[in-house]
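One chain is shown next in structure tokens, namely the form predicted alone.
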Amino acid sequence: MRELAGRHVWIDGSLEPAEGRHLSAFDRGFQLGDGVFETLRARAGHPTELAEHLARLRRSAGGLDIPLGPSLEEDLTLGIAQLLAAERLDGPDGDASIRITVSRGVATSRGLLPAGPTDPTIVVQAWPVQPPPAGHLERGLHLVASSVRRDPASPLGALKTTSRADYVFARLEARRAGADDALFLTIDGRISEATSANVFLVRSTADGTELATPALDSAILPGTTRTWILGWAGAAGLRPSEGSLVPADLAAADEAFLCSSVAGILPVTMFNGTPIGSGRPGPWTARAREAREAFIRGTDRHAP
């Protein structure tokens, strides 16, 4: 079986052996987490929502004043194609997870800010997408609230940076609690997001069945899959809603799920030890996952 880490990486315009030594010890991404990244999925050599991911990559880099040249989109489109071909993930059955990482680059001076301009380091990696464990689809995910709180006023909340210590800490909390993932709350107690996914809940209201998700002012990353789901919901017969949600809303929901670019849509059936709805994955979650996977496969390109 081929190693999941892959045989090649794409670095600053060229393919390199994956096992080589690639980064300088003075690279600020290594030393300070001074960088941004994106993860996305590619099916049969076709990256899903590449334009949206590259636009968000530019926004994140701009938030940290990391300069990206005008040819970034063209370079990365070519680089991804080269890497998928080298990894043999561009065939009809190819299903790849892609990570694009950009650091500020090498700076030999010390300090939080480099003494002068640097050239960003740009890396692309690819792995075969592994199907979720059967239990995740059959029984759903169990979440716990992280002790790490998110500040909606932080300007970093909407930037996808490589500084992920908070996320690692939260996932460790989940593991210690015997849960699958952790859910961040804001400093005022509202639901924010999971460690690598946005959260949705389905609930019955007087106006019909609502698909609710935390608003952008809840210290969340504006996920591309989140945007797709909000567009899909109306056509599917759900009333999409973005607003302020609290843990009690999740506990009272009929069903809930997480969404991300690579894992897609996964059911959530327990939060802090309490079942959500029936305690089993719900029908709307299954429909949403099926629709999203069809969109990624290209069999439903007309979906929102």
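Every value quoted in this text rests on a predicted model; they were computed, and no experiment measured them. One-based numbering along the sequence shown.
The protein also exists as the form predicted in complex with a further copy of the same chain; that form is not presented, and the subsequent description refers to it.
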- Looking in the predicted complex, is a further copy of the same chain within 4.5 Å of a heavy atom from each of Ser24, Val123 and Arg171? yes
- Message: Only one of 112 to 120, 132 to 140, 67 to 75, 212 to 220 has heavy atoms within 4.5 Å of a further copy of the same chain in the predicted complex; I'd like to know which.
- Response: 112 to 120
- Partner-contacting position among Ala85, Leu230, Leu156, Ala177 - heavy atom within 4.5 Å of a further copy of the same chain in the predicted complex: Leu156
- Message: Is Thr224 part of the interface with a further copy of the same chain in the predicted complex - any heavy atom within 4.5 Å?
- Response: no
- Report yes if any heavy atom of Ser192 sits within 4.5 Å of a heavy atom of a further copy of the same chain in the predicted complex; otherwise report no. no
- Message: Please tell me whether any heavy atom belonging to Gly29 falls inside 4.5 Å of a heavy atom of a further copy of the same chain, as the geometry stands in the predicted complex.
- Response: yes
- Contact between Leu250 and a further copy of the same chain in the predicted complex at 4.5 Å, heavy atoms? no
- Query: What residues in 259 to 295 sit within 4.5 Å of a further copy of the same chain in the predicted complex, counting heavy atoms only?
  - Reply: Val262
